[in-house]
Structures are given as structure tokens and as C-alpha cells.
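In the block that follows, a single chain appears as C-alpha cells, in the form predicted alone.
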Amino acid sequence: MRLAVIGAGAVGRSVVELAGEYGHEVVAVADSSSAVVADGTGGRGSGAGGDDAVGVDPDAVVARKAERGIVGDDDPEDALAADYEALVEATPTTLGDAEPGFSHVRTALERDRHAVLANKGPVAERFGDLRAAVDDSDGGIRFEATVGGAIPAVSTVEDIEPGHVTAVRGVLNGTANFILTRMAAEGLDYDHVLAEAQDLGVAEADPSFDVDGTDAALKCVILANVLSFGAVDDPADAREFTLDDADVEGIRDVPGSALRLAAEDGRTVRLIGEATGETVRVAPRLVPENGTLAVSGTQNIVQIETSHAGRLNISGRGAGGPETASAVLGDVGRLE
């Protein structure tokens, strides 16, 4: 399938690098200020590799981004106008109106193209608008990569059928989990471990999105929408969730003493998100120290409660460029 990749961060670059291994071809790439579009696909062809090129040169795109901070000499709008079959939306997550990601996806759908999202914003904040745009298009959308990186949470819920899933919970943020794991293992306080995580590159300079529970909450909102809309025949009967509907508490106020006391009782603390078709909640919770939810470091886990198959657990890497790109490219395959 011919792909246009919008967003050239870690995930977008990994999609560009790995697409060929999955049998797909990248014909356009854009970041916020530039683009490269392959010859014959609607752009001016800068950096496409010659008159006979069909797709862009992945190595050249990644190298140019690293060396010059741009992916090409075309305009970002040229990538949206290229002759692609599926748009990969990998720009940073924004809240509220979810722009510009939502408009990118809508543009693809208006052209009857598919869209695959790694950007959580449109799915968490404008799920109903996305559904309406899909209903008016011959294209489809997929968004596995918005929840748990490489973990197939959304597709597993869909395979079971949302009407047979009563709840989805789990550890859905690697940064928060790393901090809690280190606090428990070393008996250290939050501020000390946060500084360590920032030095290691596990936490951002501004860690709010992760440690305040926002990232995990967005993922749970997406799962709640999947459950709500998937369990009804008429979308008008579904409840649409946004971040405003989530009850969210982060880990900033978890004292080291709480983890030490928990350990004396054979328990530990994890930031647990839970979604049903009616509620979304994220908060630090006590869990058995050797239990399923007590994954360590940056690992994530998704626990699915089902009506007929019991409890299913899926764990793995919840973030990272190649890991998340694998979920994106898996979604592209589902749309073929």
C-alpha cells in the first residue's frame, strides 16, 4: 500500500524506515515545516531519488531530518495531496480540538483514502467526529498505536467484540511505571527518581503529560469509546468520551513511605487506568507485588475482562519508535 506519513518524530521516522519490510511504500513524508513527495505522486518530487522513483528514499529522509531538521523541500500540504492509499497520522498529540491531526485525517477521508493514527488526540477528543467522517467516506481508520504502543489492545477488544468486554485496565504509561518501580526497589522519593528518569531520557524535561496521568487517561478514553460505540447497533445510542469525562490522579503525591509500607504487606503501587463503556479512571492503586499488574520498568500491560473468556493479559513495550511503528504498519495491513 502507498503511504503518506505526516509527522517525522520517532514514530513517523520508524514507519518510514520499516514500511518496506511490511510490503508498503512511502510516497510522501511531512513534518511541521517541510515535505518530500515522490515523483509522480502529486508533489514536486524533491529528494525522491530520480525520475524512475516510485517511493521516497527512507534513508535520505531520515538522514535529512537528522542533519537539517527537515524532511525535504516541498510544502507539508503537498504530502496531503500526494497519491497515497493510506495516511499515517503521527504528529504530536494535542488536546481539545485535536488539531492539526484531526484535519489531516479528515482530508484523507474526504479523498476516500484510509487513515492510520498514532496520534491519540483525534481518537480521544473527537471520536464522534471521526466516526461521522468515516461514514461519509470509502476510506477507513485504524488506531491501534494510540493505546499501548506495540500491545494489540484495540484489535483484541474488537476480536472479542466490545459487547463481550466488561472492562479494560492496565499499566499504560512507561514513564510513570519506571518511576514507581525505582521508588519501590530503591526506597527513594519521587523527586529523586524523576531526576534519574530525566537523565536517562525515560522522562521528558516537562513530565506532566506522563506523571499527572494524562497520557494513560487518553488511552483509557480511547478504549472507553471503542467499548461504548462497539457495543451498540446505532452510534446515536453510544456515549462519546473525552478527557473531560475521565477521573484522573497522577503519581506526584505518592510518597516513598507508601511504597515501603505496601512492600511490608506484599504489595506495591502502580498507576492503573481502567475503562468501561460508562467510566474512565486513572489513579495509583495497590496491587500484589508479584501480581500480573506489577510489571516493572517501562513495561506496559493491558488486562481485558470478558463475559465468556475470563481475564486476558497482554504485556509488552508500550512506547518507542519501532514498537509503535509496528502497530501502525499492522493497522495498514488490516486495511488492505
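Numbering starts at 1 and runs along the sequence shown. Not measured: the values here are computed from a predicted model.
Keep in mind that the form predicted together with another copy of the chain is not shown, yet the notes after this line are about it.
- Just one listed stretch, out of 104-112, 154-162, 249-257, 190-198, contacts another copy of the chain in the model of the complex at the 4.5 Å heavy atom level, and that stretch is 154-162.
- In the model of the complex, no residue of the candidate spot (S137, T146 and A167) has a heavy atom lying within 4.5 Å of another copy of the chain.
- Among heavy atoms of A10, none comes within 4.5 Å of another copy of the chain in the model of the complex.
- In the model of the complex, another copy of the chain sits beyond 4.5 Å of every heavy atom of R68.
- Another copy of the chain in the model of the complex is not approached by A63, whose heavy atoms all lie more than 4.5 angstroms from it.
- At a distance threshold of 4.5 angstroms between non-hydrogen atoms, N290 is in contact with another copy of the chain in the model of the complex.
- Within 4.5 angstroms of another copy of the chain in the model of the complex, the stretch 104-132 places no non-hydrogen atom at all.
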